[in-house]
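Just one chain is shown here, as structure tokens, and it is the form predicted alone.
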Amino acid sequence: MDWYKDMAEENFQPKIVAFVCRWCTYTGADLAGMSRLQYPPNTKVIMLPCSGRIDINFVLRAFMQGADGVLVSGCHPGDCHYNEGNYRARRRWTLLRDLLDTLGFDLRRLKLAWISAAEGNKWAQTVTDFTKEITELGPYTELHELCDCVESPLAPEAAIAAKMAFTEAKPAEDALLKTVQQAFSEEKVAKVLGWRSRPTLKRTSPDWFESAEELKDLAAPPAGVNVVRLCDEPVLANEPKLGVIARPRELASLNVLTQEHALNPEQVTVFELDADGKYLRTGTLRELSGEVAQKFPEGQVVGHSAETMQKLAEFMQKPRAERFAFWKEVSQHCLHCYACRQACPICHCKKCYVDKNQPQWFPTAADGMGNFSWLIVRAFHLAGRCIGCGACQTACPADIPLNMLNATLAKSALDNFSYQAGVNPEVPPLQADFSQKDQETFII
């Protein structure tokens, strides 16, 4: 225990928070105490019912309130009191680690372990080794300084000017216009979701068309806008005959909503376009959804361009500290306007966590802690769900490279779980499923 004496002499006492399963790890820690095993007292233990209940918000909150390290531990795979909790947790932590790595987070400060009720010795040794490692690393100064930052953000003027630039709306293709008009006349649809030309604003925006007469304003789809973001409106529950004008990105978005039971594929008629907006055909969502896989071949990250993936690969070659400094800088431009959330076709929660104040997990102010946590939780919420349409980054007035974080999680889902978002509406969502073969090389 000489290293522990050295720590005391240097006057640094690491703050470590441990989130543990009550059935195995907590009992194992209790066994270590009853066995009179000695280990550093720096770890504050928080017991939860299962490792599957340990939300990423708990971990982020611990770090942002001053923890220098966080330990997460539960039952060994196959021994979960709730059968599947640790399997689901394992998949969650795989995704989170890859996201934090892109953000330049020091992954040495997040430890995960399987410790059973009979492994009091392993608990004592794990805590001892982790405390020693954190002591050698020192306080997590760079993150704590970020969390203490309360400066008002200022988005780059050039970025805001670019977002405000007017773009002339283009009329919809004649073949598409005639097909939608016919669908209205034959009463196959009562409402159609497409892009409406707004001459006064010189803009094109997603909107519902409720009659053939309104189609005079139907416009060609603009880049960076996904009409499916309007599919969370109450109209879905009340109208059995809906139409959606959809490119591959919209079709993939509809598949995700189908997976999550937010949409009934039988009530949706799809007017399918290719990626460039050219009309292809009409069919029900059930008929066309299974063909999305042909547009995104197996082994390819869905939606994200080769350019985005190349930029991500180059970015990940930079040192960890440089990656953290980059995101620290760009996160300071966030205005907390939530334009990214409003533009996203997959954000269909009735109430977003940032709008809740009981409990309020993270501050809603546009400051260091609020901005950085928003970047993390927003991206993680879309893990296995984002179809790479880029609507969030297009909408961001601060021009924050959100696509890079989205692409990180899409690549993680593909590399670790062979999962492509929005390709197959018949399979369970990524974070609602697990495999006993999921990798766990980072868990001790």
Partner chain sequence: MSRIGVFICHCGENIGKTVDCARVAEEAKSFPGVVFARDNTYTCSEPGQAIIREAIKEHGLTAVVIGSCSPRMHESTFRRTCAQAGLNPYMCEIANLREQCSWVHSNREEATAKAIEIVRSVVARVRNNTPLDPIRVPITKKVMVVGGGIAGIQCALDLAEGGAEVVLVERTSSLGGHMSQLSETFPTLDCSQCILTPRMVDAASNPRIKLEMYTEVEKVDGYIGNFQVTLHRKARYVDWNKCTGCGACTQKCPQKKIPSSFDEGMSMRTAISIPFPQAVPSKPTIDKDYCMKLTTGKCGVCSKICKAGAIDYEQKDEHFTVDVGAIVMATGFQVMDTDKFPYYAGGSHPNLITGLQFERIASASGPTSGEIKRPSDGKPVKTIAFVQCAGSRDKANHVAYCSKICCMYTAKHATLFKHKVHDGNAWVMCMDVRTPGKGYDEFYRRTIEHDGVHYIRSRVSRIIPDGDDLILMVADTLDGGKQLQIKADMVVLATAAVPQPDVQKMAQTMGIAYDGDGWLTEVHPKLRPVETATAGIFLAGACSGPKDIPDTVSQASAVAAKVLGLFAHPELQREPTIARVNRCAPPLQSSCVGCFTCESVCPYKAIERETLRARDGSTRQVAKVNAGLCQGCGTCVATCPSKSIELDGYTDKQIFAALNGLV
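Positions refer to the first chain, counted from 1. Values in this document were obtained by computation on a predicted structure and should not be read as measured data.
Not on display, but discussed next: the form predicted together with its partner chain.
Participant: Could you spot which one of 392, 379, 54, 410 gets a heavy atom to within 4.5 Å of its partner chain in the model of the complex?
Facilitator: Of the candidates 392, 379, 54, 410, 54 is the one lying within 4.5 Å of its partner chain in the model of the complex.
Participant: Which of these residues, 319, 199, 297, 359, gets a heavy atom within 4.5 Å of its partner chain in the model of the complex?
Facilitator: Of the listed residues, the single hit is 359.
Participant: Within 4.5 angstroms, counting heavy atoms, which one of the listed stretches 330 to 338, 360 to 368, 272 to 280, 307 to 315 is next to its partner chain in the model of the complex?
Facilitator: Stretch 360 to 368 is the one.
Participant: So in the model of the complex, is its partner chain close enough to residue 205 to count as touching (4.5 Å, heavy atoms)?
Facilitator: No, residue 205 is distant from the partner.
Participant: Although the partner isn't part of this model, could you tell me whether residue 29 comes within 4.5 Å of its partner chain in the model of the complex, counting any heavy atom of the residue?
Facilitator: Yes, contact at 4.5 Å.
Participant: Consider residue 349 of the chain shown here, and say whether it contacts its partner chain in the model of the complex, taking contact as heavy atoms within 4.5 Å.
Facilitator: Close contact exists here: in the model of the complex, residue 349 approaches its partner chain to within 4.5 Å, heavy atoms only.
Participant: Does residue 414 make contact with its partner chain in the model of the complex, using a 4.5 Å heavy atom cut-off?
Facilitator: Contact with its partner chain, no.
Participant: Whether 184, 220 and 224 jointly form a contact site for its partner chain in the model of the complex is the question; each needs a heavy atom within 4.5 Å.
Facilitator: No: no residue has a heavy atom within 4.5 Å of the partner.
Participant: In the model of the complex, which residues of 246 to 275 put a heavy atom within 4.5 Å of its partner chain?
Facilitator: Counting only heavy atoms within 4.5 Å of its partner chain in the model of the complex, the contacting residues of 246 to 275 are 259, 260, 261.
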